[in-house]
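Below you will find one chain, with nothing else, as C-alpha cells; this is the form predicted on its own, and questions on how it binds or moves follow later.
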C-alpha cells in the first residue's frame, strides 16, 4: 500500500491563507500543511532567480514532509518559479508528485467573464513585471486585452492593518484609478492573495458593473476538479481534516497576523531549512 500524503500549501508569507481558507471550506476532509516563508517575505520585489531559489527550496521541504501535491498559493512564486519547477525539476523527482499554482485557474476563467474583452490585473510589482497573467490570458483568450497595475504599497498596508485609514484609502483609490484609466475594463483580477482582505474597499472605487475576481474560490474549485480527474493521487491523501502551520519566522508573529486572514486563532511552528 502506498503511504498516505498531505496537501501542501506554500506562500511567501500569510497571504496564501486566503486561498487555504477557501480550499478548506470546499475540501475540509483532507489534511493540509501550510508553509509561510515569512522570514524572507515579501517576494514581490525580488528577482526571478531569487524567487525561484526560495520557491524550489520550499517545494523540496514540503515533499520531505510527505506532501505529494503542493499548491503554490503565491502569485509571485507562481509567476516566477512554477513553470520551471514543473517542466525541469519535477522530472528529477518521482513522477507522482505534483505542483500547482494560482495563476492558470484564474486566467482560464477570466476571459469568459469579460464582455468588453478588456481585463485588469491588480498585483505586486513582481507579478506584474513577470507578465504571467498577460501570457496566460492570451493563451486561453487571445482576443482579450490585458491591463496591469502594480500596487506595491497594498501588502504592507494590509499586514500592518493600515488599509482602512485616510492614507490607506488614498493608495487603494490611486491604484484602482490608474488601472481603470487604461481602458474599457469590466473585469479585474486580484492577482495577490493578500488583496481579498481589502476587496470591499476596492469595490468602493469601482463602477458597480465591474467584476472583481478573487482567486481563492476559483483555485479551490479547480483543485477539487483536479483531484476528481486524478484519482490515483486523491486516493493517497489522508482525510482527517487536520491543518498544520509552519513559518520560517517568529511563530507568535505569524499567529497574530494569521488571525486577520482566517478569522480564527492558529498555532504555528518554526521551520528551519
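Residue numbers count along the first chain shown, from 1. Given the structure is predicted, the values throughout are model-derived calculations rather than measurements.
Not on display, but discussed next: the form predicted in complex with a small molecule.
Among 187 to 195, 112 to 120, 135 to 143, 170 to 178, which stretch has residues with heavy atoms no more than 4.5 Å from the small molecule in the predicted bound form?
It is the stretch 187 to 195.
Even though the small molecule is not shown here, does residue 44 get within 4.5 Å of it in the predicted bound form, heavy atoms only?
Because a heavy atom of residue 44 falls inside 4.5 Å of the small molecule in the predicted bound form, the answer is yes.
Would you classify residue 155 as touching the small molecule in the predicted bound form, given a 4.5 Å non-hydrogen atom cut-off?
Looking in the predicted bound form, residue contacts with the small molecule include residue 155, since a heavy atom lies within 4.5 Å.
Using the partner position in the predicted bound form, report whether residue 124 sits within 4.5 Å of the small molecule, counting heavy atoms only.
Contact check for residue 124: yes, within 4.5 Å of the small molecule in the predicted bound form.
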